[in-house]
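Only one chain is shown below, in structure tokens, and it's the form predicted on its own.
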Amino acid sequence: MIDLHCHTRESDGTDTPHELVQIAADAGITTLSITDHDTFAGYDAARPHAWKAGIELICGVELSCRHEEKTVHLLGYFRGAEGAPAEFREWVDGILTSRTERNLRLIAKLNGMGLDITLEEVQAIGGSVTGRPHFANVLVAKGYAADRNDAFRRLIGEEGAAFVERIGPTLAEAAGRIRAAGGVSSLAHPVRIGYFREPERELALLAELREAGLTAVEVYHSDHTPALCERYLEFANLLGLLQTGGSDYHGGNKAGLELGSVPVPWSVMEGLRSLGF
């Protein structure tokens, strides 16, 4: 069983890296990639546990990128036990700095709306990365939102009253950086970009990103219907892109979504193996 998209508490999941590896082992997963947002801390911490459990652990990351004034995610995968090289890790650390600056502005905006919330409260439930899901949890706990969806919809989501845009790399820049670092980039859950009613627009974006360095597209994902999986597989074959897939497991932050719950065919790994994974 394969799962190439999941998160630990080092970003916006709820399991420690050790716990996630144990869950993977119990589920019968043999090939796993931890793709925490903008950090390799989860992967680094999980390595010795995965080795003991007999699980192949692929170094991964999910980068928060900009596209048409929206946040869009790009997956990066790297070969070898050490994974991403030092220079690329330093660049990712810069993305974390921009996230911290955004968080300070978000706190100021929420406070300006009369909401009593501090960055220290939010950081206390975050791991290496503190992001909007952690803000949502605090807003719910303090009674400012009915649930996480409400917190995003009314307050901190892109249409919310307190939304603050974060400066980050464009999709094209991030794809180029991953390629230059010797990695494989994959457009994460393309349905979320919002073009799913315009297949021609989706295809054009993938073609544009391929020229910038995109290697793959996430065909298999918990948000994708069978029809969408077929569409993205067709696009990948048409453009000569590899396919990736995974559950996008977040533990308790995505209730009911289990690790390994998205069937990912072995052909995905055959494609990665052709590039030395």
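Quantities reported herein were computed from a predicted structural model and do not represent experimental measurements. Numbering starts at 1 and runs along the sequence shown.
The same protein also has a form predicted in complex with a small molecule, omitted here; what follows describes it.
Interface membership of Asp12, defined by any non-hydrogen atom within 4.5 Å of the small molecule in the predicted bound form, is confirmed. Proximity of Phe152 to the small molecule in the predicted bound form falls within the 4.5 Å heavy atom cutoff. Mapping the unseen interface onto this chain, Gly183 falls outside it, with no heavy atom inside 4.5 Å of the small molecule in the predicted bound form. Taking non-hydrogen atoms only, Arg79 never approaches the small molecule to within 4.5 angstroms in the predicted bound form.
Partner contacts here mean any heavy atom within 4.5 Å of the small molecule in the predicted bound form, and among 112 to 120, 196 to 204, 96 to 104, 138 to 146 they occur only in 96 to 104. Checked against the small molecule in the predicted bound form, the candidates Ser64, Ser33, Ser247, Gln243 yield a single residue with a heavy atom inside 4.5 Å, and that residue is Ser64.
Think of it this way: in the predicted bound form, the small molecule has a heavy atom of just one of Gly131, Pro169, Gly176, Gly160 within 4.5 Å, and the residue is Gly131.
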